[in-house]
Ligand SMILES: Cc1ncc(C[n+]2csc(CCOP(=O)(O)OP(=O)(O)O)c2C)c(N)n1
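In structure tokens, one chain follows: the form predicted alone.
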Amino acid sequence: MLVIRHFEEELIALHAEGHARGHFHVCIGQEATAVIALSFAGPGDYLFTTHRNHGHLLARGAEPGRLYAEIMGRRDGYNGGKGGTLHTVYPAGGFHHTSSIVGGIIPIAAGTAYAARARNTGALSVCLFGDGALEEGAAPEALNIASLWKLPVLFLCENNGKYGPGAASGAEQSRTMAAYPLTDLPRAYKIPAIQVDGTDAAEVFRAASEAVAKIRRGEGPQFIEAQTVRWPGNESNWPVAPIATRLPLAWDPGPVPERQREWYRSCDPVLLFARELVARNVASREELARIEEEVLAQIDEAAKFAIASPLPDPAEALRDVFAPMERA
């Protein structure tokens, strides 16, 4: 979770310094969902993500330096700089497709689940998307097919709703769909669906472990709506960090600007989890501080690696444009 948080905050700084160009989306505030839920995926499972994808890739082991390089369009990026922030693929971690098209991955995830069932491989598909994806026509069509054919797919909606205290528990949500709560949509297609507090790592753990176990038992698709609270740094068109996150904020959010302070106090999954670890005597503040220092050093080295990575040769733009065709 700390790797994801510090990766995203450093990316904002790199963009401000001119090292990264073009728009990008950060998943700050959704770290507990990404890390916990994806820990249940096996090496042969199919994972799909959307435009807010950095945390998902990092949660599955992507190297921060190579991911930075890809975002910057550099040669040492995971896709040679051709995928960028919106279309990075990381097959070693299970991500064969990332799409910036809202809702576009939902039918693809259903398709790979169908292929896994037809081939009897035992694999499942995990589809991560935002609440806006459910507005697209592809979503109910895929939900219908997945339910009808009992496909092994986990639909995981990261609903980051509106910013405001209490929103994580559903008190404040964006109302852009007639289906409300959002779990009403999958339930209409007889898909078991639950809401969880996406800022609570333990709650996400219980929900994801139970859902994956049911899918692997052949009970068909499952749906989780993880309710998180929109990070205040996402209030404008470009991400802007109100403050650099450091774990001491978990116990004293005073340094945070007053207008954004409540988010860091009650809605930040990283700081909430740090407080819980200390309260339960799982780790001390000193142990967590050492972990954070190691992560900060790792992210610093990753940024230097990406900045030093060369730009691709212009001729690369004409390579790998089309998949090779097999001749009979």
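Just so it is clear, the model here is predicted, and its values are computed rather than measured. Start at 1 with the first residue shown and count on from there.
What comes next is about the form predicted together with the named molecule, which is not displayed.
Contact annotation: the named molecule lies within 4.5 Å of heavy atoms from the stretch 124-132 in the predicted bound form, the single such stretch among 88-96, 124-132, 237-245, 215-223. When contacts are judged by a 4.5 Å heavy atom cut-off, residue 60 does not count as touching the named molecule in the predicted bound form.
For residue 79, no non-hydrogen atom is located within 4.5 Å of the named molecule in the predicted bound form, even though that partner is not displayed. Shown alone here, residue 210 lies farther than 4.5 Å from the named molecule in the predicted bound form, counting heavy atoms only. In the predicted bound form, the named molecule sits within 4.5 Å of a heavy atom of residue 52.
The partner is absent here; in the predicted bound form, the one residue of 188, 145, 101, 115 having a heavy atom within 4.5 Å of the named molecule is 101.
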